[in-house]
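As structure tokens, one chain now follows by itself in the form predicted alone.
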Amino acid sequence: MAKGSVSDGARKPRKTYEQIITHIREAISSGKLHPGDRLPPEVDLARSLGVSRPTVREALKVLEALNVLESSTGPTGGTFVKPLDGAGVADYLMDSISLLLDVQELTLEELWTARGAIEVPLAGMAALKRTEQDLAVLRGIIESDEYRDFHAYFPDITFHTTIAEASRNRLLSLFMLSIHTTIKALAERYVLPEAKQVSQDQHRLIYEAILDQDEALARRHMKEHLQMAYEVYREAVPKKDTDEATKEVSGDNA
């Protein structure tokens, strides 16, 4: 790697650790590094790249945070190129979306608008491209959901994930998974109003439209379902508030 800053007069010079990140990612993209490959030790990387060892360590930490690399300890340990899959990318996106929600740089309404922009078309695509296997999985999910309690049922994303997979669009499915994983994490912080039966009925309607390969109807029922879910989360109460209220009642009765 050449030393020095890269600048075209308009961009800010890149820091050295950023150049190392680019170098490693380009090696993966070009096929010089493959999933599962072990990177050379930090001291060897630093020597070959002409940088300090702390700079290499900083770049590797960033790449681990981005789910590009993973580290392990022990005799067979080291830093490895992480296997590339949608779940890892979705987790990274979920972390970023959750952070934006936590610092109030993203609203629930914006999150649901994005969800609708992705999931409504996915339902239509699933209606056109679903297979008998997709239908069997959806039927199984609907049947098993009858026996699940509300708190286990509502944050579940299996039904929506299956529809996304049936659409045969991996990129949209990836975005959908990151949003749903974020919503599932949100659900763990709140007490949600009961809506299991309504949600189940809407799942059946979506399934039937996909079964009949009715693209327009699948899109319409998914839109209605997402609107219902939005109202549920809008009316949710933070668990800490309900816990404090319970403590106050217990104190009054003591």
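For clarity, every value in this text was computed on a predicted model and none was experimentally measured. Whichever C-alpha set is largest while still superposing within 1.5 Å between the two forms counts as the rigid core. Position 1 is the first residue in the sequence shown; the rest follow in order.
Quick note: we don't show the form predicted in complex with the DNA, though the next part is all about it.
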Listed range touching the DNA, judged in the predicted bound form by heavy atoms within 4.5 Å, from 67-75, 162-170, 98-106, 122-130: 67-75
Candidate from R204, H34, K223, R53 lying within 4.5 Å of the DNA in the predicted bound form - any heavy atom: R53
Partner contact for R25 in the predicted bound form: the DNA, 4.5 angstroms, heavy atom: no
is_contact(Y17, the DNA) in the predicted bound form, heavy atom dist at most 4.5 Å: yes
Contact of T79 with the DNA in the predicted bound form (heavy atom, 4.5 Å): yes
Residue contact check: E215 to the DNA in the predicted bound form, 4.5 Å heavy atom: no
Cα displacement of L217 between the shown form and the other one reaching 2 Å, rigid core superposed: no
Large Cα shift (2 Å or above) at V62 between the shown form and the other one, core-fitted: yes
G78 C-alpha moves between the shown form and the other one by 2 Å or more, core aligned: yes
